[in-house]
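One protein chain, two forms: both are listed below as structure tokens, the first as structure 1 and the second as structure 2.
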Structure 1
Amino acid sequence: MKPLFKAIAAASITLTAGYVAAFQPAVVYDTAGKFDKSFNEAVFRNGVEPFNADKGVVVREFEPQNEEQRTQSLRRLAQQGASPIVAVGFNFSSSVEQVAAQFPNTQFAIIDSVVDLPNVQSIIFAEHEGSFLVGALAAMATESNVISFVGGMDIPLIRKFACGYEQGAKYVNSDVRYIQNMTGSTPSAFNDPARGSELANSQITQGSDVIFAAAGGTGIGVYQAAADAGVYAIGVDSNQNYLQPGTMLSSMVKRVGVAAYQTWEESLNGEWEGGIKVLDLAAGGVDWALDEFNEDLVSAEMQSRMAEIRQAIIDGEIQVHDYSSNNSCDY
């Protein structure tokens, strides 16, 4: 009796496994790599890992090492029956465009860019709204009346963060002085903590006491420099408040991992649809982070003011200018 029972159990496990194997979610990271402590890692930690754990389905992963491998990996995964395939980052636009057209029955999703094909889900975040919020918070927290921004690579996407941040600060206090630095013009600008702390120190000497870093791994150096000098820093993408408790004022969270998770889940439930998906403040795609690491830094008064501004953006009373809409920050 017992062996028979075992055999049945084994058979049913194999059957489930066989059924699940038909559903093959996949993700292709940007060339910064899966462990960049920021953008790509957010997809891994908040998307891939929980999905593996919750659904018992292993998400296939690939990290391209050069431009050619973007297209190559998407095509390989599609050929092997993976779907939906999430491409992390705007750098995949042309690759997704090309491969999605060749595999019309495969579901694709791209983060931070729009690809206009029926089998592609384009996931866009309203970074300017989240940055506006942390900018407002920065202007409330500053004592020197100078705030600053450290960007990663100098590209429109990062300027979108910067522009939102500046607007938020000026909204709260139009006299606040704003300093902005970009780390560099190569992708390594997203992974240069030494340069990050250098820029942060230079901004601190210019009087800044709240620094927002939208710079991937470079941010680690910025937060360290801020902690050493005893000024505030603001994290990005993931909730980074825990990194330097006491000086991390907040983080501008961009829920890329959750977005990837949702795409796979929708597909698993048969509810997947192509098209543009805008994850703004109202949809919970971006937000500012308040947790046990920074609750002492944000007074009740500030919290209620933030809640007001947040609601005003959601209701459309505050219109935050989007840098990428006209490639300039004249709001």
Structure 2
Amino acid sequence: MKPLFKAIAAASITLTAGYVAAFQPAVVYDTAGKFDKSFNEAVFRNGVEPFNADKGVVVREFEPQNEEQRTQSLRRLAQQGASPIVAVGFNFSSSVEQVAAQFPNTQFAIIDSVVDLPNVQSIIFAEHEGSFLVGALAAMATESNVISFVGGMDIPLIRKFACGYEQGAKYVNSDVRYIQNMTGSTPSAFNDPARGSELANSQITQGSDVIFAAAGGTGIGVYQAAADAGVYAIGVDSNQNYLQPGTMLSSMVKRVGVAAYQTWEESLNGEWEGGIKVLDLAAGGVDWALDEFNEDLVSAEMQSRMAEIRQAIIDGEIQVHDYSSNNSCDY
């Protein structure tokens, strides 16, 4: 090999080695922890674990115990050379904005929020479309003609779930009665199973026989109350059908783990870009779950109707109103 080509080859190897060494994927979970059986765990089970196995790379993980540790953990990971760093949840908005500005050469991704910086990938989902689907299913399954919703923290994101759910139910049956409660106004509303159970029981006494919970760990209490009362519940984020077989009518699956996996893979392949990424029903970002735990609850006729509605949303024949577009559920 001629000297010039040897030098080029050596430089190429050095650059490649340097690139691989610089790739240190990381994730910071929300304060509910990675085993919340919901949002965080979906990132762990469907993002971190498969990425580690597929790529032979260990994703660094951190579970903050309080609000102050959000910013601290992001900054510490950036200082240690981690990139991309995935922040799980809208509660990281201000922390990501602050730390990403301080480390412009580090890649960050935030789920469920938009941070307008060139080194931040903002990943948002069409929760209203997935919620429309489970709302339609709820209307098919209800015997009392009353369905309900338990939200976590009362914010536009959670009302986006609620609005889509109500629309889907009333698309199938305009006469269905809809009840809605939010758990609280602080992040702790996502980790209060006792309050979730209390709200669910109140809704059950008002006639609800299908309850959709978009409330993180609080939903565990909702599902238990539904099981105790012999009514249906609908899970959220990860497929929670296994939690209460026979009670869980379905789950509104939000593929946050896949989103995390994608941002790490894009960086590894040199294809990562900042900006807004929207994962809707057509892109596989949201859906409803059908598996061995709920297939006996969803008849062939119901499955066929759900497939028709799902495709109509993808094709644009059904336009699902997005609460976050005008902070209203007028549809």
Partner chain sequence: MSQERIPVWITVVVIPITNVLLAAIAAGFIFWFLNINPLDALRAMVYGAFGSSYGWGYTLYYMTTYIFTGLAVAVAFKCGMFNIGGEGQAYIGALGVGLVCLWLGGKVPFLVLLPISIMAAAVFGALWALIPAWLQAYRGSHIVITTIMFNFIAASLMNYVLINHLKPEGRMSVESAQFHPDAWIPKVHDVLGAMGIQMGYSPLNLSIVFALLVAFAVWVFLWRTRWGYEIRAVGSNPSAAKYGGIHLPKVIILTMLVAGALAGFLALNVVQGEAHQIKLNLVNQMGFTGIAVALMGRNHPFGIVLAALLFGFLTQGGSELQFEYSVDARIVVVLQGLVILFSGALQYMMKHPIEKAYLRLHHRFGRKPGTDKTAEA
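When a residue number appears, read it as a position in the sequence of structure 1, where counting begins at 1. Keep in mind the model is a prediction, meaning the values are calculated, not measured. Rigid core (definition): largest C-alpha set, two forms, superposition within 1.5 Å.
The form predicted together with the partner chain corresponds to structure 1, not structure 2. The Cα position of residue 230 differs by less than 2 Å between structure 1 and structure 2 after fitting on the rigid core. After superposition on the rigid core, the Cα of residue 34 moves by 2 Å or more between structure 1 and structure 2. Taking 2 Å as the criterion, residue 143 does not count as shifted between structure 1 and structure 2: its C-alpha moves by less than this amount when the rigid core is aligned. Aligning the rigid core leaves the CA of residue 102 displaced by 4.7 Å between structure 1 and structure 2.
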